[in-house]
Every structure is written in C-alpha cells, then in structure tokens.
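Next up: just one chain, as structure tokens, the form predicted alone.
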C-alpha cells in the first residue's frame, strides 16, 4: 500500500529533477545577481559587489518603475480581456458553422499560430508603417480621415493599441482552438434539456457551458497572464529596437537596465519583481482552478 501511494511521486520525480535543473538554477542565479552591484567593470572582472536589497530599494523608489508597472498591468489586462473574449466568440462560432468552414477556419488559426514571431511582427510593422503602411492607405481610402504619413507610435495610446492588436492576433489561435476543444466536452444532453426548458442561447452559455469550461478558462487565463505580462518582442520590434520611456513595459525596462545602461544587478532586480508578481497572480489562478475542479467532482 505504501509503495502504491509513492508510485505517482516516483513517476514524476525524473521530470521534477529536470525542471528544477533547467528552470531552478537560472532563477537562483537571477536572485543572486539581483543582490549585486554588477556593471561593466564588474562584468569584466567577473565579480560583483554584494549590496543586499539595495537594488530592490532603488527600483521601488524610482517613479519610472512605478509607471512601468502600472502600464504593464493595464496593457496585460487589455490583452487578456480582448484575446479571451474574441477567442471565446470564435470557438462558439466554430461550433455552429459547417464542417468545411470549420476546417478552413481551423487551418487559418493554425497558420497564424505557426507563423514565427519576428516575421509576423515585421509584417504588422510594415502594415502600420509611417510612409508605406497599408493601414494608413486603407483608412484614408474608405474615408475614415487623412492618415497619410500618420505615425501611430507618436502617441503612446495609439502605439499601445497597435501593439495590443499584434499581441491579441498572435494569442487568439491557441486560445480559440483550445476553447473549441473544450466545448466538445460540454454534455449535449444538458444543452438540449436547457433548450427544451426554453433557455436562450446566452442563458445556456452562462449556466451550462461556462461552468463546464471554468477549469479550462482559468488555465488559459493563467497562461495568458504569464505571456502578456512579459511581452517583449512586439514592443521591441514594432518600435525598431528604440522604444522611448513611454513604451517601457516591465520586460523592456529590465532589458534596458541590463544591456543598455549596463546595470545588470538592477535589471535582475526588475526581473525578480516581475517573476514575483506573476507568481502571486498564478497562485490565485491555480487556487481557483483546484477549487473549481473539486466543486465539479463533488
């Protein structure tokens, strides 16, 4: 009996050791570096100066860091809401179209999902280009206004809107396909019973579909939070590797501190704070997921 209870732990032990080695050691190294004053001089000497929590005190007292955190949280929330909402709508539509259309739509989503990140961002950058962007031409052509030589990134609100479009476009395929797979697991007899009782489509979704998908939705929310909170490529490439301070999200700010200012200790401290925030948010999602699974099994 004791051996049988210990079998699951023995089976996951090899994978746990590998994960701890691959992920745990870099994280410990990051924590160590965050307690060091480590600039260019220390980089050449391969020896930092221990400063304890001074790096954390410096970034927490920095008004720019507070601005970066606020922008990152708002940016992340907007991406999550838009991507999850649109992905849910697409997944529901895939349930109601013909098999042929569903295959075409699924193939299109897979194509978007399979597109490498950098070429995809380059394509979007060209579409919103100041001089040759097709978006400016199209908006002007349909009479939405004069967008000839319109610089979308001159205004941070418009710039982040463009970046949000790119992030959501890349996130929708995985979310929509996963939600569509989850919808196939909703018991049809429950939906048919609700329809017989006169429930409308929205009532069926809220009272039947949504509770069934709740564990899956929480997992996807957790993954989306992790991905969107640490967005870097979209900001960095869209702004030609020269984002100004208005476009600093926390990942870009950490990179700037580390490699542009050559304060690797401060950059590491910013990264540690980012990981800490993600761990807190992920803990909430995991707790809610476990609770919903226990409720479903009760």
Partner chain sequence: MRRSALRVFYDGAGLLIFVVMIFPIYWMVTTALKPGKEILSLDPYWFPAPVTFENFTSAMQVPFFWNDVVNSLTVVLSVVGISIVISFLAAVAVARFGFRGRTAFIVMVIGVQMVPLNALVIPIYLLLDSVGQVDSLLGVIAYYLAVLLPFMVWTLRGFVHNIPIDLEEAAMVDGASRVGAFMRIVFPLVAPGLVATAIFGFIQAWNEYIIAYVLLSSSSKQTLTIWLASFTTQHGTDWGGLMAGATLTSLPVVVFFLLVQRRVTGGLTAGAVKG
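Here the structure is a predicted model, which means the values were calculated and not measured. Numbering follows the first chain given and starts at 1. Between two forms, the rigid core is defined as the largest C-alpha subset superposing within 1.5 Å.
Same protein, other form: the form predicted in complex with its partner chain, not shown, and the subject of what follows.
The candidate site formed by 145, 183 and 247 is entirely out of contact with its partner chain in the predicted bound form, as no residue has a non-hydrogen atom within 4.5 angstroms of it. Put simply, residue 200 is far from its partner chain in the predicted bound form: not one heavy atom of it is within 4.5 Å. Its partner chain in the predicted bound form comes within 4.5 Å of no heavy atom belonging to residue 64. Proximity of residue 115 to its partner chain in the predicted bound form falls within the 4.5 Å heavy atom cutoff. Under a 4.5 angstroms non-hydrogen atom cutoff, its partner chain in the predicted bound form has residue 172 among its neighbouring residues. The stretch from 209-217, 186-194, 150-158, 74-82 that comes within 4.5 Å of its partner chain in the predicted bound form, counting heavy atoms only, is 209-217. Contacts to its partner chain in the predicted bound form (heavy atom within 4.5 Å) from stretch 275-292: 275, 278, 282, 285, 286, 288, 289, 290, 292. After superposition on the rigid core, the Cα atom of residue 161 is displaced by less than 2 Å between the shown form and the other one.
In this overlay on the rigid core, residue 100 has a C-alpha that sits 2 Å or more away from its partner position between the shown form and the other one.
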